[in-house]
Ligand code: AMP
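Just the one chain here, the form predicted on its own, laid out as structure tokens.
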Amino acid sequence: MAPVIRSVTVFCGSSDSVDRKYFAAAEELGAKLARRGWRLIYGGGGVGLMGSLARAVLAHGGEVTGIIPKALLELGVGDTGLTELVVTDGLRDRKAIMDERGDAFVALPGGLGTLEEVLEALTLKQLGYHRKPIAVLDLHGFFDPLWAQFQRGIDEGFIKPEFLDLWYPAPDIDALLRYLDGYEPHGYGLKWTRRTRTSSGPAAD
């Protein structure tokens, strides 16, 4: 049975120095989240794609919860005009709240923080801590190098092939939303593969 989605946690870039196409994608996602009645859960920033995304949700009548560490709010990069703003002590509790509050995870193009956040969501799903959908907007192949790295991990035996199914790289916003609409959670096997012991030596993990 497909899960009921009421809120979506979105990871995305906070830089204002990126191509306009990325801002357009953030604005499109924000508008379409609002029209579906899905609450945005995000990092609370008022800059970069984060700010554009949140403003688009609000402009189209949607609700936004921002989760931001106190130190970043004091630097002036937070947005205090949201439906709800949760101020945390640090990044770790910020991520924990974002993970808990969202019924699905979405990543738009972004920098190191975005990559770290989506990789943590994938890792937690791999280990069975959640069964929520994870989709990334692979705009103009932005996430192709990460997909290639996953494939390298499979080729070298570090990642099981079925774990490519942990996420969906979407070519556009509509495809991403269709994936979330039709998502059916399922279990995965154990992450670990153990070689059979042989007479020549101990098993290798």
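Note that the structure is predicted; figures quoted are calculated from it, not measured. Start at 1 with the first residue shown and count on from there.
The protein also exists as the form predicted in complex with adenosine monophosphate; that form is not presented, and the subsequent description refers to it.
This chain appears without its partner; in the predicted bound form, the one residue of M98, L82, A121, A104 with a heavy atom within 4.5 Å of adenosine monophosphate is M98. Exactly one of the stretches 165-173, 146-154, 42-50, 57-65 approaches adenosine monophosphate in the predicted bound form with heavy atoms within 4.5 Å, and it is 42-50. Proximity of G110 to adenosine monophosphate in the predicted bound form: non-hydrogen atoms within 4.5 Å are present.
In the predicted bound form, at least one heavy atom of V77 sits within 4.5 Å of adenosine monophosphate. Remark: V87 does not count among the residues lining adenosine monophosphate in the predicted bound form, judged by a heavy atom distance of 4.5 Å or less.
Put simply, F11 is close to adenosine monophosphate in the predicted bound form: some heavy atom of it is within 4.5 Å.
Taken together, S7, E28 and V136 are entirely out of contact with adenosine monophosphate in the predicted bound form: none brings a heavy atom within 4.5 Å.
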